[in-house]
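Coming up is one lone chain in structure tokens, specifically the form predicted alone.
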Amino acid sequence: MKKLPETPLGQGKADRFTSSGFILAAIGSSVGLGNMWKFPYITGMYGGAAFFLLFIICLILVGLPILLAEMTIGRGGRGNAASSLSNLVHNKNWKWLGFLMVLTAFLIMSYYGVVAGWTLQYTVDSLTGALSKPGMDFEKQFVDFAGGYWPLFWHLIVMVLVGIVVGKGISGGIEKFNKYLIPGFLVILLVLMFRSLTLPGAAEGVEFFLKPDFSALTGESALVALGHAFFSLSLGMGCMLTYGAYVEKEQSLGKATVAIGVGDLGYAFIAGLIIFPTVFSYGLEPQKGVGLAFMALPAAFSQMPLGALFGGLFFLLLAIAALTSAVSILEVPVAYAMNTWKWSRKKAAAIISTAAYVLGIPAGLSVTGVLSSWLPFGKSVFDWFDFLTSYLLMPLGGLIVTLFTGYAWKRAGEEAGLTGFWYKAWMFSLRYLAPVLILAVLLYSLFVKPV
């Protein structure tokens, strides 16, 4: 067997995570807009507490086993999201399948940066009082903002920031970035949770979020919950696989998986205790959909004492979540470029972040802007990016990981440090449970209109 490289660079001094730095970076990757923006509105649309319980089940039975598999492949293969697979079984066909995850991450980065830019604009507008004007039509405000050209500026700011962090490397950039932002993220979360729970009528929102009504569940709810488990943990796009390549051999991947899962679920839980009490306190609709964060909640904050401050903190929370996830997403194609084309890290970060920004311009202009009337096959450019990545490519990437770890790579258990019952349970999920459910999500995505 050939000697594997120390990191995806495969040259020079190894640049790796510390044990705590890896956990924080991985939690930063998983705790993104999926938790703070998407999770609340799909929970509102698909049954509240019953959907949340379903999401927890999907996370444990499918999400965490695939998360462990991705990190194990990365650490074992010591390559990028494509080369790690072929490094482990010496079959180039797996490298091409792994490249799908690199492509997925690049496509997600291009439109994810658009939404991250919105959060920066709304943070500034909230803290300056621009979103606290009496009688303001917040739906029109969002439509006018997203339809203009300011989102392109904020999208650029996001890509520059993320490009700089990734360009500084693992220990000096990504780990340090998350060590500052994740604790700050938690503090803001707790402040907002306390404020939301003390609002008049907050108990109704807590009940909606925590008291299950199983009659509200449907087969579609289960598939959406499973799809969100992927989105929430950043699975199927190579993030955790790439991060795994920078992990020391002494790090327990099993314990890391549990820590990341608990962190991801904990943040989603607190997000629900922020958003639903606020929504119910001010008579808003939890089924508002994608507009919940950018149209409904600003209306609530505008009526709240010190609303400009708490609204600003909320959107700052979204911005931090978006940026920590964006860093992990950009690292996937950057590691691929360094490994494949021998680019320096700074060169790879600069070129790929620029390319992602350019590709994201039509997505940003298609929300309510000049390209919003162009609807190829019934969807806007932004919606096509979201559909192709979240509902097709990410599940497909997860399927590749499950089949590779469950069938092609014979030493997965050894690398993961699992034996006995836990190894058998892991293999059962990867070989049988996860592939069947992922195929169900793919069929649902192809033949049923997704969220």
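The first residue of the shown sequence is 1; numbering continues from there. Here the structure is a predicted model, which means the values were calculated and not measured.
Separately, the form predicted in complex with phenylalanine exists; it is not shown, and the next lines address it.
Among heavy atoms of residue 33, some come within 4.5 Å of phenylalanine in the predicted bound form. Heavy atoms of residue 234 reach within 4.5 Å of phenylalanine in the predicted bound form, making it an interface residue. In the predicted bound form, phenylalanine sits beyond 4.5 Å of every heavy atom of residue 278. Not displayed here, phenylalanine is approached by residue 329 to within 4.5 Å at the level of heavy atoms in the predicted bound form. Just one of 389, 405, 43, 29 comes within 4.5 Å of phenylalanine in the predicted bound form, counting any heavy atom, and that one is 29. Residue 325 is the only one of 339, 325, 196, 126 with a heavy atom lying within 4.5 Å of phenylalanine in the predicted bound form.
With the partner left out here, phenylalanine still marks one of 79 to 87, 371 to 379, 237 to 245, 139 to 147 in the predicted bound form; by a 4.5 Å heavy atom cut-off that stretch is 237 to 245.
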